[in-house]
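Here you get one chain, nothing else, as structure tokens; it is the form predicted on its own.
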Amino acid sequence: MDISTIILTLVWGVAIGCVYILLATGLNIIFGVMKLVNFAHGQLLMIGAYLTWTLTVTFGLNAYLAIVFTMPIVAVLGIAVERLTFRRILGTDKLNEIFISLGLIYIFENVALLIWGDRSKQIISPFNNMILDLSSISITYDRVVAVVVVVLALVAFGLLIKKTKIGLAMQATSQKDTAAQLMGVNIEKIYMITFALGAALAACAGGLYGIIFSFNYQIGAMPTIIGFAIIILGGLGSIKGAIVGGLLYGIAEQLATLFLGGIWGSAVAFALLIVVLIVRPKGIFGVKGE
């Protein structure tokens, strides 16, 4: 085991962690603003992967350009899901949210199965099979581009949250929705925008996932579990926590795969989650008094 292999594994961990970060960030803003637990969020990633694949195959679009078109499509789908399902049960028992999420999982998966079939697919990018050689380290261009895309997406998201009226309204609603409503914020509109934004981030994650890995209609479940693990690891409601948690998870998974074998990747990563929660139950950036 040489140092170059370890460094390469760390780079892979960062690249994969970045995809998880996008999904976890979407989950986190939906939970932070709406206090909604959506276990079907990974199915939006799956739809994003399929739509990106369809645009590249049917219309010959550049895979990364196809992601740009996929994001608003899935955002509109997210608005429909929020208005037709979760809007009706917000503020009621959390079991209602869980059962609606489970129902949506089966609906999305079966619709995807009917449209795209059960064969695994992979999105072919312009950088397919191209390798970036850095001294003794070689990594595919697609993993490097994935990191760049995630960084740009997070910067744009950060500017939206901190520099726009919509972002400030989202922050106010996340802190106290009743007070925000009294100050003139249309919280139903903010809920809709929040869910659409979370869905768009999931679509971007899905496009990148489909470029790096092969996928099928059942891929949504594990990324959702990982996404929730990441936001719990980083701290519920903390975007910074989602970023740090995603990187830690991706690196831990890849290092475990390198040293212990593929079957240990997720096991060691979740063991890290358990250790962190034992030491700090609110997560790395969670607030103790919450």
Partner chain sequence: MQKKLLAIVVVLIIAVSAVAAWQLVPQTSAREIRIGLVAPISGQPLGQDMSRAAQLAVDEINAAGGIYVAAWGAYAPIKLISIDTVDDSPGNAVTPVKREVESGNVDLLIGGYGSAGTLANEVIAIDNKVPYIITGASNALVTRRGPQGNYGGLSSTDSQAITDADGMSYIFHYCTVTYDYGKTVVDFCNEVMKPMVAPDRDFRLAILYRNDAFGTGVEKATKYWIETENLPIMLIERAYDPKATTYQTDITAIADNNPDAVLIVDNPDKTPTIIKQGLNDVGLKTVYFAVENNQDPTFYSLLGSTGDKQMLEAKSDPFQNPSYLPAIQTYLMNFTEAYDVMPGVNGAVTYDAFFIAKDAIERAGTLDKAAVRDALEATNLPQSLLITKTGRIQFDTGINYHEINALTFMEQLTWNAPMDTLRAQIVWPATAPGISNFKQTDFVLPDNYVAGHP
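Since the model is a prediction, treat every value here as computed from it, not as a measurement. Positions refer to the first chain, counted from 1.
We do not show the form predicted in complex with the partner chain, though everything after this point is about it.
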### Task
Choose from 186-194, 91-99, 155-163, 208-216 the stretch whose residues reach within 4.5 Å of the partner chain in the predicted bound form, heavy atoms counted.
208-216
## Note on the structure
As a check of understanding, the residue in T140, Q171, Q181, T85 with any heavy atom within 4.5 Å of the partner chain in the predicted bound form should be identified as T140
### Query
So in the predicted bound form, does any heavy atom of I284 sit within 4.5 Å of the partner chain?
no
### Message
Please tell me whether any heavy atom belonging to I21 falls inside 4.5 Å of a heavy atom of the partner chain, as the geometry stands in the predicted bound form.
### Response
no
### Query
Applying a 4.5 Å heavy atom distance criterion, does R119 contact the partner chain in the predicted bound form?
yes
### Query
Going by a heavy atom distance of 4.5 Å, is V57 a contact of the partner chain in the predicted bound form?
no
### Task
Give a yes or no on whether each residue among I29, L77 and Q175 has a heavy atom within 4.5 Å of the partner chain in the predicted bound form.
no
